[in-house]
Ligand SMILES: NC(=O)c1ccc[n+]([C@@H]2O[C@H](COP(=O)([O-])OP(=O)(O)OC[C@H]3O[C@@H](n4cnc5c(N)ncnc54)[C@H](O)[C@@H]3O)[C@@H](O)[C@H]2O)c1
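In structure tokens, one chain follows: the form predicted on its own.
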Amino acid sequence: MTDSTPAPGSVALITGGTGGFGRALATKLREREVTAVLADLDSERNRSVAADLGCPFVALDVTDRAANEAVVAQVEAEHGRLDAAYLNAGISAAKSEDALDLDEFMRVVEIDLFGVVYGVQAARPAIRRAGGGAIVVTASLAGLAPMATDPGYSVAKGGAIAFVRSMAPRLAREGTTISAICPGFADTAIIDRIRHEFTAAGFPVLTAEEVADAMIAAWAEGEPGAAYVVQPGVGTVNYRFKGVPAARTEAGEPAAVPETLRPKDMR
């Protein structure tokens, strides 16, 4: 993807907006004269980050379905429209290759997967009212290549990618493109506890700015349902999913999926 520019005067909502990716994205959007509304947990630190960036702040726990809808309503009321939603909030679990902490597992899935589902549900009608736009989900390379050290994160990000691909046809009919960004390891707080391992191994990590560039390009010219891999030294690549083996009839011919089960735009 090339780095096209969203229209000046547009309004974007960024969940997890005061984290590394959120800050880098907000900075780049402001340079393009886009209003970037940062949504995050309500704290003095998060409000201060938004103020330093010159961005409006809204308090949001992404696991609260009603709160997602209330935040979108607030954005529309205060800024007149919503053109793009960046569903970027996420956490990871403690590194472990042995015991599985089910409470921690469910907490990661609740934020990283259901936070996306609730965010799409809330933003969809507002973006439709604005005449169409984009929803960009921050997934991860772990959603395509699961990590043995973090099953919860892998499941959540893999589920987010599947959700994006499943929702893409119906959103496209409304003029909204939904896609996923799948960065490899990046220089944000999420790798703080294992940062020394990357340094010791001489392993390159992405900058938040590199990921933010991919996020902006996904808004401007992303393909519906696409999963964009971002890797150091590689750039942004549209991941091509391998098709599954098709069912065959008794005669050995490929069997067609029943028409009622196909997306309307494929009938």
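Values in this document were obtained by computation on a predicted structure and should not be read as measured data. We number the residues from 1 along the sequence you see.
Below: the form predicted in complex with the named molecule, not depicted.
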inquiry  = Only one of 105, 185, 118, 163 gets a heavy atom within 4.5 Å of the named molecule in the model of the complex. Which one?
reply    = 185
task = Heavy atom within 4.5 Å of the named molecule in the model of the complex: which of 111, 130, 155, 144 fits that? Just give me the one.
result = 111
query = Wondering, does residue 123 line up within 4.5 Å of the named molecule in the model of the complex on heavy atoms?
reply = no
The named molecule contact at residue 88 in the model of the complex, heavy atom, 4.5 Å = yes
query = Are any of the heavy atoms in residue 50 no more than 4.5 Å from a heavy atom of the named molecule in the model of the complex?
reply = no
message = Residue-level contact is defined here as any heavy atom of the residue lying within 4.5 Å of the named molecule in the model of the complex; does residue 179 satisfy this criterion?
response = no
inquiry  = Each of 9, 33 and 77 having a non-hydrogen atom within 4.5 Å of the named molecule in the model of the complex: is that the case here?
reply    = no
note = Only one of 133-141, 97-105, 69-77, 169-177 has residues with a heavy atom within 4.5 Å of the named molecule in the model of the complex, and that stretch is 133-141
